[in-house]
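Here you get one chain, nothing else, as structure tokens; it is the form predicted on its own.
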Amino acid sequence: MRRIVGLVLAVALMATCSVYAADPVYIGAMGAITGGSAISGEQASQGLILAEEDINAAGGVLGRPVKIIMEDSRGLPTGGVTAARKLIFQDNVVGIIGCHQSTVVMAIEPLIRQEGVICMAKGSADMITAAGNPWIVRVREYDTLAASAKVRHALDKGYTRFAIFHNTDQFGEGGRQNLIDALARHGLEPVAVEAHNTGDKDFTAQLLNIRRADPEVLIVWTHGDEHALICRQVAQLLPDVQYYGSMAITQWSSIQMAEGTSEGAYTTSPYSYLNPDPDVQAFVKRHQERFGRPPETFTVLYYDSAMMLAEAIRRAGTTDRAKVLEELKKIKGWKGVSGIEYSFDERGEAFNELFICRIENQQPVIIEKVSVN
């Protein structure tokens, strides 16, 4: 996949460079192209391919073409640091889009701060913006928002007995605490809390413990592959419990792997390819024709980030990172192909709304849009 992405980006750049006299403006990106989260990295790469094409078709920035360089973080802190150092010191990028793993973002945070490089993070852990690094902004829903929206939606449906099943990584541990805090704001405690590790295949012991607690709702905070396997086992062991998943459950790959057992599950998500918004559907059609499948969440989030960063460079009139960051943080009401309008707040968060989705006929159907306020 890395060779294919690199070849496509190289061909696209060759097609555009002939009309430019100046050297390219380099934008960096990172994600897990290999490893357990490689599906997300592939999705991100596809969004960046289309973004580079669109930016250059519109004249590039500052009279120069844009070249987006994506490095493989492998979804690991050490891989992220290696990727970031290459992008910063060898490629001299204006900014870095990614990573989609919170642990990776936190691993590169000191380097980002030290070198003064823009980072448009895709991890959802609250600690990313809580770290107070002025060079980091986030273009993804954050965990507090997602947890509050899930709990509030379930309460509105009349449920009061909640169980939590979470991954033991930074993403999952953060989600667990945010869910507990969200329940506490309504005077509730979970009836059961269980955990699993990334890569686990058998969740029988944890689900049996949850079943003994007799919950009405099971909120699962984990990644796509685990979601699919958990859905299959929940269908057998907890068939009458309402399932709420993290954003990954809406992914096409996760839905397919679940083999129909995610049907009826709810989640919060910043995107659904079924959104009837004309801009969303135009992008879905283009992506479907190019890659043979609808774009996923990380596809549109990386695409939108690249487009906003290019716009910030145009507004700044320079590639000076501090001036570009200043213009980036001024962006308000930016309409992306995700269907969300991005507005950066004082913490660097671009999201103040997201969708409640339900899996219906093995597709993520938008039920409603909820706001942070």
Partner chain sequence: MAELAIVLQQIVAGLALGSIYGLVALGYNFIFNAVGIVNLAQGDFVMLGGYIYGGTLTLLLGLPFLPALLLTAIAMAIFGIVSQRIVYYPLRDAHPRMVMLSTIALGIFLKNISLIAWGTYPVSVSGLFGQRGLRIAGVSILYQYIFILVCVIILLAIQQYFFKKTTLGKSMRAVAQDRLAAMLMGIDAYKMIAITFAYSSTLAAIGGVLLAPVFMVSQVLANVGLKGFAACVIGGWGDITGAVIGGLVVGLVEVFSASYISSVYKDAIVFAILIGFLIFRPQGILGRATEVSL
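Numbering follows the first chain given and starts at 1. Since this is a predicted model, take the numbers as computed values, not measurements.
Another form, the form predicted in complex with the partner chain, is not on view; read the next lines as being about it.
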property: Site check R152, E263 and S269: each within 4.5 Å of the partner chain in the predicted bound form by heavy atom; result: no
property: The single option of D181, E216, D277, E259 touching the partner chain in the predicted bound form, heavy atom within 4.5 Å; result: E259
property: Contacting member of K285, K201, R185, K157, with respect to the partner chain in the predicted bound form [4.5 Å, heavy atom]; result: K201
property: Stretch in contact, per heavy atom within 4.5 angstroms of the partner chain in the predicted bound form, of 116 to 124, 242 to 250, 202 to 210, 133 to 141; result: 202 to 210
property: The partner chain contact in the predicted bound form: Q281, any heavy atom under 4.5 Å; result: no
property: Partner contact for L237 in the predicted bound form: the partner chain, 4.5 angstroms, heavy atom; result: yes
property: Contact flag, L62 vs the partner chain in the predicted bound form, heavy atom cut 4.5 Å; result: no
property: Exercise: S338 in contact with the partner chain in the predicted bound form, heavy atom 4.5 Å; result: no
property: Members of 295 to 316 lying within 4.5 angstroms of the partner chain, judged by heavy atom, in the predicted bound form; result: E296
